[in-house]
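Below, in structure tokens: the form predicted alone, a single chain.
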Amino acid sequence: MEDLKLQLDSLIFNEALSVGERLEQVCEVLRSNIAHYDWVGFYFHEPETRTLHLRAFAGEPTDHTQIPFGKGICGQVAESNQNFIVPDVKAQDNYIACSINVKSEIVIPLFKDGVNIGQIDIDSHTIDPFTDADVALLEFVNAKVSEIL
């Protein structure tokens, strides 16, 4: 895990790439290095419209490029400012299905100067794979990403 953190840290602060390119590559590195990360994306807030907008992702394309605050797991995190782990998406009432293959999800808010400005969203095709190690890694990623925004 420490090797992965070093790789991500180096990538996030690589000023030869645009911020958008760095975010895309962070998504791909996470997806390709962690077996239960089948889709990884960054959503960012649009406060005026109270919507989230997909800015970077790795995995299957999704129709959910805009999500209203409060809708689905991502929309709930936009309002709660809290980590949200869903071990089994079938057990969630307020869930937006992105793919029939998605079995679980983790969403970690991204803060800049104490304000929730977005989130990292991970979908998995495995039921209940997320642990405290995933939370710690994704909080690390978001803390680093906030430094370049």
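On a predicted model such as this, the values are computed, not experimentally measured, just so you know. Note that residue numbering follows the sequence shown and begins at 1.
Only in words, not in the display: the form predicted together with ligand SME, which the text now covers.
Visitor: Counting non-hydrogen atoms within 4.5 angstroms of ligand SME in the predicted complex, say which of 56, 110, 67, 30 makes the cut.
Guide: Residue within 4.5 Å of the partner: 67.
Visitor: Looking in the predicted complex, is ligand SME within 4.5 Å of a heavy atom from each of 39, 62 and 73?
Guide: Yes, all three are in contact.
Visitor: Is residue 98 close enough to ligand SME in the predicted complex to count, meaning some heavy atom within 4.5 Å?
Guide: Residue 98 belongs to the contact set for ligand SME.
Visitor: Pull the contact list for 111-149: residues with a heavy atom within 4.5 Å of ligand SME in the predicted complex, in sequence order.
Guide: Those in contact are 121, 123.
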